[in-house]
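First comes one chain, alone, set out as structure tokens in the form predicted alone.
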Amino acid sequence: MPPILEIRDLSIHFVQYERGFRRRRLPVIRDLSLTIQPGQVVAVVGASGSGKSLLAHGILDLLPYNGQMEGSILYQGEPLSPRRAEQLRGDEIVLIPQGVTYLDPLMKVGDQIRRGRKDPDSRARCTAALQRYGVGPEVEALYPFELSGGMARRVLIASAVVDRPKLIITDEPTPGLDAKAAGRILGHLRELAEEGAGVLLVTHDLELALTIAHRVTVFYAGETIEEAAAQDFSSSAGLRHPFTRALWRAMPQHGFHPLSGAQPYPGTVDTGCPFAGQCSRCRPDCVQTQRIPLRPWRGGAVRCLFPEEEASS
């Protein structure tokens, strides 16, 4: 069986105008490769500005007009062209976005989830989807502006998964929710994966990702710097890249040690490792090497010239 989603060497850039008609390319994602198998949750973790949300929109061909994409995306073994993405979007492939403004303010909740269908089966599935996320059937008669932020978030998720999609792309799914509600939603996403769907979880919260993910892809400045199994995060010794280790050390249960410095702005690092300015083990080769490849390493993958040295620290 082919993967639900396979991304190969994906790059996304924006065309921007400077003074007059002078144009420049602003690279935001470079050389990304990612695979999601049926029944698998893959988390993409990175700081704000690392390109995570653009990945979600790029898969569904929802980039802004000045965004351009290179590389290949396969869905169930076949190319996911813009036309095919449009046909599957909202049906087999769904996006759970960050903002609840994606809900139509002029349509009642029940009509949105059923997509206008009024047959008994659609009504039953609508009610069941809402109940799964702790929402009563009375909400079906309300408009989105009558809901609290947390309630609107749960309605948004219910509307996305009501038809049992095969690929669920979720971009920061739990903002504004209390810990109990967030845990319930994440648990349901894991259940959907166990029923055969593929789930791509985009988040800045490593601790949240590890509660349901099978594999974790770490983003930094628009590049994949590490791919690891979730169990590799049980200790820092199981990790491969110094930035991933810094993320691990910054978690509250590991001492909450912050990383000094800041992630470089997209397009400002053309050669070498983008993490070089924050890495305590940076060497001249880290800055001078034209492109550092993502390579297999100890059961995962890493974009680092000296991963073995990090693993032994």
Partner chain sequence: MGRLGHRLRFAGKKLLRMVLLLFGVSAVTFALMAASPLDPLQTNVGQAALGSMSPEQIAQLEAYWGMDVPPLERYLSWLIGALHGDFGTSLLYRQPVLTVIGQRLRSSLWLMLTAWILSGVLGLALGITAGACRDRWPDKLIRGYCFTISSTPAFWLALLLLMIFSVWLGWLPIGLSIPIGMDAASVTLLDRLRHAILPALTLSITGVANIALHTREKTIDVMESDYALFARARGERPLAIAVRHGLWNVALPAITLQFASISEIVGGSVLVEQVFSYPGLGQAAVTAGLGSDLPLLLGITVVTAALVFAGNLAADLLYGAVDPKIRRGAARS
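Positions refer to the first chain, counted from 1. Take the two forms, superpose them, and find the largest set of C-alpha atoms that agree within 1.5 Å; that set is the rigid core. Being a predicted model, the structure only gives us computed values, none of them experimental.
What comes next is about the form predicted together with its partner chain, which does not appear here.
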item: Candidate stretches 154-162, 205-213, 181-189, 220-228 - the one whose heavy atoms come within 4.5 Å of its partner chain in the model of the complex; value: 154-162
item: Ala124: touches its partner chain in the model of the complex, heavy atom cutoff 4.5 angstroms; value: no
item: Close approach of Gly176 to its partner chain in the model of the complex, 4.5 Å, heavy atom; value: no
item: Partner contact for Ile73 in the model of the complex: its partner chain, 4.5 angstroms, heavy atom; value: no
item: Ser236: touches its partner chain in the model of the complex, heavy atom cutoff 4.5 angstroms; value: no
item: Among the candidates Leu34, Val269, Cys282, Leu60, the residue which, in the model of the complex, approaches its partner chain to within 4.5 Å (heavy atoms); value: Leu60
item: Candidate from Leu80, Val135, Leu167, Leu103 lying within 4.5 Å of its partner chain in the model of the complex - any heavy atom; value: Leu103
item: Stretch 223-240 - residues with a heavy atom within 4.5 Å of its partner chain in the model of the complex; value: none
item: Large Cα move at Arg125 between the shown form and the other one, threshold 2 Å, rigid core; value: yes
